[in-house]
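We begin with a single chain expressed as structure tokens, specifically the form predicted on its own.
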């Protein structure tokens, strides 16, 4: 009898799985693709299959297959899922003591990921689909961060890339480390840690080249502390840097980018960091502003928007962060709204929530814009995501609805 019940249950689940439509079609009033052509498609249809976008275009140009599941959003806006380069809530960082040393090259956040925690559920309700979970900034090098989806029932399902970036903080908090340290010592100590990591990378690169030439060079000793630095020095992952105030941003650029050749993402970039804009433009760096969006310039006795000041000085690759939970993760769009209230361009602000952070983190081949072949990660909004009178009604990650305000409204 028990075997019969189990068999019937299994057969029912199998039939239900087969009954699930293979294709989902979203019919939207307006789609912000955020692609290279900056397409905005009115009266649009987006087709999803296997967790990816298979077609996107105007109604009539894209045929909805018979039997497809149809999501009616004809009076709604559809845009890519929001991406935050600076997050501390996707995992339990209480389980990661990154305050032992001033530099902690062996630590990584992937081991702390916590699927479906309440703060991630809030993030999904705000249309946020991808975050960079990084260690804290109580020291110069907190370890390696993890690019994670805000949805997923397991660590494997959540993980986009690990390591995702190296977290460095060059000022603002590390000065308080134990006995108190100044910037000169911090920069020296950070440099000697990076020098050891680069020497390890160079020794293995030399060995691999010799092996490819058929030479019998003995392999160097393997050191797991330095292994994650190898993709960093190959330019395959960036270094996301808690850096602010122009002297500190300048040091970030000259030390990390110029001396060590790292792919630098300027994170925070607040106060008067915009005074380094000429250096940022010259090196074509990504600048992620927040969570403080304004600065009182005492020399001009005026309050400026940080993003707008960078823009006025020629910087174009601009994004926004929350430093969640400093600012709740679901308020990522509000950070861009504040930037616009202080003078920043609204369409560029939308790019700063989507494709620009995706490019900064080197994941733009998967997310950041709505294009055929990319992950079906997006939010359905009641209207303009930068207008706080509107809200995210539905969030979809890899083709699956992970938040639906009609069933579980959070805000």
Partner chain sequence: MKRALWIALGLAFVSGVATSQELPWPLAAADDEPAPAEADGADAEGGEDAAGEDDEDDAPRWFALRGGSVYQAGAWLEGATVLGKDGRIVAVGTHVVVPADAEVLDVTGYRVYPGLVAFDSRGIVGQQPGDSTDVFGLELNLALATGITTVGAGSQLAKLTWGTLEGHDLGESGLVRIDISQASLRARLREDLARVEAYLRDSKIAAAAKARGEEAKEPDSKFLRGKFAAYRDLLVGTKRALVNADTAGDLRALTRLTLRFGFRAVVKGAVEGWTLPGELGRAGISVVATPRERREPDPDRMAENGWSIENAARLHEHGVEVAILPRSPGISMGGLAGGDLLTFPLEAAFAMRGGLSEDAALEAITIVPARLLGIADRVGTLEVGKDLDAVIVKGDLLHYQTLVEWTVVNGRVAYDKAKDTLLQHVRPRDGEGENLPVPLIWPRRGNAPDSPPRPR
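Residue numbers count along the first chain shown, from 1. If you're wondering where the values come from, they're calculated on a predicted model, not measured in any experiment.
As for the form predicted together with the partner chain, it is not shown, yet the points below apply to it.
Q: Of the residues 115, 105, 291, 172, which one places a heavy atom within 4.5 Å of the partner chain in the model of the complex?
A: If I apply the 4.5 Å criterion carefully, the residue I get is 291.
Q: Quick one: from 254, 300, 192, 92, grab the residue that has a heavy atom within 4.5 Å of the partner chain in the model of the complex.
A: The option sitting close enough to the partner is 300.
Q: Based on heavy atom distances of at most 4.5 Å to the partner chain in the model of the complex, which listed stretch, 51-59, 365-373, 26-34, 340-348, is the contact stretch?
A: Every other range fails; the passing one is 340-348.
Q: Whether 331, 384 and 411 jointly form a contact site for the partner chain in the model of the complex is the question; each needs a heavy atom within 4.5 Å.
A: Checked in the model of the complex: all three residues contact the partner chain.
Q: Using heavy atoms and a 4.5 Å limit, would one call residue 396 a contact residue for the partner chain in the model of the complex?
A: It does not: once the partner chain is placed as it appears in the model of the complex, residue 396 has no heavy atom within 4.5 Å of it.
Q: Does the partner chain get within 4.5 angstroms of any non-hydrogen atom of residue 21 in the model of the complex?
A: Heavy-atom contact with the partner chain at 4.5 Å: absent for residue 21.
Q: So in the model of the complex, is the partner chain close enough to residue 137 to count as touching (4.5 Å, heavy atoms)?
A: Residue-level check for residue 137: no, no contact with the partner chain.
Q: Do residue 278 and the partner chain share at least one heavy atom pair within 4.5 Å in the model of the complex?
A: Judged by the heavy-atom cut-off of 4.5 Å, residue 278 is well away from the partner chain in the model of the complex.
Q: Can you name the residues of 374-407 that have a heavy atom within 4.5 Å of the partner chain in the model of the complex?
A: Heavy-atom contacts to the partner chain in the model of the complex: 381, 384, 386, 387, 388, 389, 390, 391, 392.
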